[in-house]
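As a starting point, one isolated chain is supplied in structure tokens, in the form predicted on its own.
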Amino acid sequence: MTPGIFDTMTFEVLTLFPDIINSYLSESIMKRAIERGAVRVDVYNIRDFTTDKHRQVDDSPYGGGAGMVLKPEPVYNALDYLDRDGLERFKVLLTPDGRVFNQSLAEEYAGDRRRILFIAGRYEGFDERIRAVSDEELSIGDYVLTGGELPALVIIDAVTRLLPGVLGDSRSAEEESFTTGLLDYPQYTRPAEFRGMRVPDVLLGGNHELIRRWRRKEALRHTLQRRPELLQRVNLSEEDNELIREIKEEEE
């Protein structure tokens, strides 16, 4: 069922480089989600909200220092323009020192937010007064990027995948890494044997219960080996604990 207009998740992006956003949105799952009306993305060029003839969006920092700083005026002007429609929007400032985005937050946004606006900074940073307009500050990891466009796209993509009707099979989102709190189990497709590497027999046998158990066990194995700290956040069942014991015995 195609979502109606009142079900559409709307994202808005303030950026100095709209083409970065629009290029990604014109491909694959995001393109189909927009065409189906599940999501809408409106992109605004911060430079369009400058008031000087040079359309200047940045300036050198007070006190000296390297690089240029994003000015507050064009950002505030853009928000004043958008807020004239009277619609409620959740404003997110993308910054390395923000709250780290994860799957739980993606689920929260997909369930509770209908209109999210991202402010994508550039250069050496942004004027501190821009923080005052945000409802939340987000980061996608402990590293520095050239600008906020990639973080905006990461968050938009992660949230969009969780919306009804976006993925062809609703189980896809439910079974992916981090959705269950664990890393994903290994996936295989044809051919059954390739260059001496064979698909596990259990996946070829057609016994759905054995397949389910194998997949859970391998998800636990991957998590134990690669991200063991994730297990501290998962409510493990009695079966999970049994599978973990089996995994440790096998490895010993």
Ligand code: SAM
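Residue numbers here begin at 1 and follow the sequence given. If you're wondering where the values come from, they're calculated on a predicted model, not measured in any experiment.
Not on display, but discussed next: the form predicted in complex with S-adenosylmethionine.
Novice: Taking heavy atoms only, is residue 165 within 4.5 angstroms of S-adenosylmethionine in the predicted bound form?
Specialist: Heavy-atom contact with S-adenosylmethionine at 4.5 Å: absent for residue 165.
Novice: Does any part of residue 74 reach within 4.5 Å of S-adenosylmethionine in the predicted bound form? Heavy atoms only, please.
Specialist: No, residue 74 is distant from the partner.
Novice: Residue-level question: is residue 133 within 4.5 Å of S-adenosylmethionine in the predicted bound form, judged on heavy atoms?
Specialist: Residue 133: no contact with S-adenosylmethionine in the predicted bound form.
Novice: Are any of the heavy atoms in residue 102 no more than 4.5 Å from a heavy atom of S-adenosylmethionine in the predicted bound form?
Specialist: Judged by the heavy-atom cut-off of 4.5 Å, residue 102 is well away from S-adenosylmethionine in the predicted bound form.
Novice: Looking at 79, 110, 158, 140, which has any heavy atom no more than 4.5 Å from S-adenosylmethionine in the predicted bound form?
Specialist: Spelling it out, the residue with a heavy atom inside the cut-off is 140.
Novice: For the stretch 128-156, I need every residue with any heavy atom inside 4.5 Å of S-adenosylmethionine in the predicted bound form, listed N to C.
Specialist: 138, 139, 140, 141, 143, 144, 145, 146, 147, 148, 151 sit within 4.5 Å of the partner.
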